[in-house]
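The chain below stands alone and is given as structure tokens, in the form predicted alone.
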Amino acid sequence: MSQPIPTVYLVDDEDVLRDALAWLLRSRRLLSEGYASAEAFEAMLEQRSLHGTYLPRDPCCLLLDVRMPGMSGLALFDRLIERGLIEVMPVIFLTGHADVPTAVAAVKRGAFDFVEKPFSDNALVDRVEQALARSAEVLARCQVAQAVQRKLGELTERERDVMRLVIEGRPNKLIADDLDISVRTVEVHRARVFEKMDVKSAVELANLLRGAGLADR
């Protein structure tokens, strides 16, 4: 399996700053892509389908200027929230016009950090690496959830009924009564659920669903 390639997206209308950031990131062996506007970055997302339920393959984060001609960084941030991307793509705002209310509001709404220009190079790259680590964690959880979803998709409707009652801790006899089927049929469905979900016990099954954030399925 290929190693993940973390990417830092740079969205800032200042060419000089983008070039300086790209050089700084290269000095720490980090790959970056620069965009001169929020619109250009959105066009890249559309082209690569980085929206909706799509998950990027590798960890990533975004260094985003607050004030830019056209769409502002804050407006782009709102659109990323709507698309559900800021968890897997943490956003670090960059601004030369920082004010406390704007910083507090952005962080409360999910921004990873808010850095005022001029900034300490080492401190900024440290935060970028922490953001990439967060992205990797979220991406791994999403990929586990997707794998569990695929397994759930292989269950029949009756197997899902049995699975739900098994997770509730009900014995086969009560499950049979609830579903108006024989105990033997319950045993067969239970075995098939365990096989398809690749677990050996009801506890393991419950933990698998809970770990994937699907405990209520």
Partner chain sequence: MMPAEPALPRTSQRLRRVLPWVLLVGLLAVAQTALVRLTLDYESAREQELVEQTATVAASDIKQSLGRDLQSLQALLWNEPPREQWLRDAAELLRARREMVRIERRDLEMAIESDVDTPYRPPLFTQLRREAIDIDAEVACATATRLSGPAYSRSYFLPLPGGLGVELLDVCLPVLERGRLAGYMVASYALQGLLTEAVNQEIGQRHELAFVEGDGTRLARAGSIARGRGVFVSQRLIDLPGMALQLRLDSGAGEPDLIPNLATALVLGLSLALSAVVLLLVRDVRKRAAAEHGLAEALAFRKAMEDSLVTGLRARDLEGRITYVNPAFCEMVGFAAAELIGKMTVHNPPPYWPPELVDEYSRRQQVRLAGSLPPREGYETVFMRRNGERFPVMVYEAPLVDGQGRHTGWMSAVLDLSAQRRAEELSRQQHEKLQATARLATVGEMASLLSHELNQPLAAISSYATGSINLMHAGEVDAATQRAIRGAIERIAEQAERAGRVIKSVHDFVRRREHLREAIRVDQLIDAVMPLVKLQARKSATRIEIDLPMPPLPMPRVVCDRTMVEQVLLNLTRNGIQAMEAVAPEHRVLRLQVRQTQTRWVEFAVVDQGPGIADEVAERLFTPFFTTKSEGMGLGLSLCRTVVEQHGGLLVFSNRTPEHGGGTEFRFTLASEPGSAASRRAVPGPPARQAQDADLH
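It should be emphasised that the depicted structure is a prediction, and the values quoted were computed from it without experimental measurement. Residue numbers count along the first chain shown, from 1.
Another form, the form predicted in complex with its partner chain, is not on view; read the next lines as being about it.
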Taking heavy atoms only, is residue 16 within 4.5 angstroms of its partner chain in the predicted bound form?
-> yes
Contact test in the predicted bound form: residue 182 vs its partner chain, heavy atoms, 4.5 Å = no
State yes or no: in the predicted bound form, is some non-hydrogen atom of residue 146 no more than 4.5 angstroms from a non-hydrogen atom of its partner chain?
-> no
Is there any non-hydrogen atom of residue 173 lying within 4.5 Å of its partner chain in the predicted bound form?
-> no
Heavy atom within 4.5 Å of its partner chain in the predicted bound form, from candidates 150, 26, 48, 57, belongs to 26
Let me know the one among 129, 87, 78, 121 whose heavy atoms come within 4.5 Å of its partner chain in the predicted bound form, would you?
-> 121
Which of 174 to 182, 26 to 34, 39 to 47, 152 to 160 lies within 4.5 Å of its partner chain in the predicted bound form, heavy atoms considered? The stretch 26 to 34
